[in-house]
Structures are given as structure tokens and as C-alpha cells.
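The data below hold one chain only, encoded as C-alpha cells and taken in the form predicted on its own.
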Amino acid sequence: MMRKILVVFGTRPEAIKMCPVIHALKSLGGCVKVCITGQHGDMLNEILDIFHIVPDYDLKIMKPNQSLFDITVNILQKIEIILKSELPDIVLVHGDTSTAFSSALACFYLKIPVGHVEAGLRTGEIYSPFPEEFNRSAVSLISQYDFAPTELAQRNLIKEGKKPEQIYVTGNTVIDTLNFTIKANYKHKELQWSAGSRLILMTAHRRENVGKPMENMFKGIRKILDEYPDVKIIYPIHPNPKVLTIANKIFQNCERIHLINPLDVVSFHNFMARSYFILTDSGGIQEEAPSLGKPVLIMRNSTERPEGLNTGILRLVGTDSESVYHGCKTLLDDKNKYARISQKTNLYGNGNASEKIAQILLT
């Protein structure tokens, strides 16, 4: 009998990594239902459109200034009805979001098996990143199928007492998505603006960085812009008014940084592929960039994705202004080091993770 699988996600990064899994499950004839929570509201829809996925359920929890309490309570209350109606054999969640945690908790209450895509990532510090480190650890307590992107993630799970036979090393599904999105003939007006310069692509939005840490990060970056006339920065800025306020304050009157609206996944991946290096406090970019051969400076004090640190293509620079400044300066000044580390590497697989996950669940 074919298993019924309910796939649940709610944020833009989750959608980027779960849509190829949905396609793989359907291609093998799986009975698949899709539930989105709407944790990211409209930011989710452009990913669904790109992959031509129409959700069966939308919890529509998004509201202005929603808190972690709001997200968790609203998902628990709304998904209970769907789980009791559908009675899926497996619920598939992704990563470390409040959507993943809340959905897995609801499944635990109803004794429905959980599959966890991108399982086993750890920093070992429960508040770094917050609340993601807790979320992913909590989901691992509940899950029966753990799809680890790397052998390191697998070892993390085994150390925590997970049964080895429940863990499957698959690679990361974001590489599957990259194979779909990168276009040789891609064009964009912002890339035309940055042509002839060394383009730094930047993202910065982490909850724990908003405030003084973000001010310090931006001051270090502003110093780079003031000193290197051949550098331009494109910053697709998160729709958090607090982030926008800090960015406008630090980067005012600077013509070589463009603060733009968030990019769709196709555009963002193609911007990455055409950048000199990337500045970020995000997680997923740390997986995508190595496969494109793009160095990444991580504006955080820890990372749950240490595989790239060992190759040198990723480097932790924290949030101190001088540390961010010197990290950028090294990549801009030391051409030999830049050439050495900017090599494509398949740390997270060859782009067939979704197919592996589908085969495990359906055969």
C-alpha cells in the first residue's frame, strides 16, 4: 500500500529545499499532500510559483509583528484539524524553523511518524542561532526518519542517541534546487549596475543580530566601501523595519551599495553565481555557495554547518566591525588566497538528495 505523506513548511528557505522533494515524491507516484503554514506570508508564494506547486492547505498564520509564541500556538491549533482529517502515514518537515518544531510537536501528540529533512545540524549552543538550535534538536527527539545532509550531521545524531538505522545520509536538497535555478544567460538590471566591479552579495537579518551587532557589522562593511572603489554591494534586504532602519542609518549617502527588495530564488542563486564573495548571517547560503565556488564570510559567532570551514571557503567573522572589515579586506587583497579557496566543492552532494529521500519513504 502506498504511503500518504503530508509535507509541511512555512518559510521561504524551507520552500526552496522542500519543493524538489515534493516533485521527487510525486514522480515516484507518491500520495503527497502539501500544507504551508504561511510563516513567511507572500515570500513563500514566489517559490511555489517557480516550482508549480499548489498547496492543499494554507494555515495563513502570518500577521504583523508575530512572535514565536504566536507562530507556535497558531500552528498547533490549526494543523491539528488537518492531521486528524488526513491521517498521513508520515509528516515531512524541514530543518529548524518554528514551523518544523510546531508541526513535529503536533505529530508527537497524535503519534504520527515524522520525517526530518536536513537533520543533525548542530552548533552545540542552544541560543545560537535562536530559536533554530532548539527547534532542530527538538524535532530530532520526535522524528523517525532523519535525512542527514552530511556524515558529520549523521554523527551528531548518533551521539545524541538516535538509532543508526533511522538515519540516512542524502546530501542537501538545496543543491537539487541550484541545478534547476542557475541560468547561463541570466540578466538583471542590478547585475548590469555592478558590472566591472567586484560584487559582494550580502544578506543580514538574523533575529539575534538586530540592534547593536548589526550596526557593528554594517560599520565594518561601510569601511570597505569607503576604501575600495572597485567594490559594489547588493543587499536584498529583509522586510523587517528594524533592519531597514539600521541599514539606512549606516549606508546613507553611499552610492556603491544598493538595498533592494528580496529576490526570488532564481534571481538570488544567479546573483550568487556572479558575485566575488558573499557576506551573510544566513544558514542556507553556507550550503549553496561552496557548490558555486564562492567564498562566504559568516557574520555569526558559530555555525551549524562547519563542513565548509575546513575547506576555507567559509569563514566565521562574527559581528564585530573590525573583524568583518578585516575578513573582507583579506579576500579583496590576497588574490592567491582567494583563488585557492574559491573552488567548487560538493560538500552537500551532487543534486540527487530529493530522489534519495523519496525512494526511502516510498519503497
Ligand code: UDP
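Start at 1 and count along the sequence shown; that's the residue number. Remember, predicted model here, so these are calculated numbers, not experimental data.
Keep in mind the form predicted together with the named molecule is missing from the figure; the text below concerns it.
Any chance Glu215 has a heavy atom within 4.5 Å of the named molecule in the predicted bound form?
Contact with the named molecule, no.
Proximity of Ile16 to the named molecule in the predicted bound form, heavy atoms at 4.5 Å
Heavy-atom contact with the named molecule at 4.5 Å: present for Ile16.
Any non-hydrogen atom of Pro262 within 4.5 angstroms of the named molecule in the predicted bound form
Residue-level check for Pro262: yes, a contact with the named molecule.
I'd like to check something about Phe268: if you look in the predicted bound form, is any of its heavy atoms closer than or equal to 4.5 Å to a heavy atom of the named molecule?
Output for Phe268 is yes: heavy atoms within 4.5 Å of the named molecule.
Considering the named molecule in the predicted bound form, find the one stretch among 282-290, 151-159, 244-252, 119-127 with heavy atoms no farther than 4.5 Å from it.
After filtering at 4.5 Å, what remains is 282-290.
Between Asn74, Ser194, Thr203, Thr170, only one gets a heavy atom within 4.5 angstroms of the named molecule in the predicted bound form; which residue is that?
Here the answer is residue option Thr203.
Sequence-ordered residues of 211-243 touching the named molecule in the predicted bound form, heavy atom within 4.5 Å
Sequence-ordered list has one entry, Pro236.
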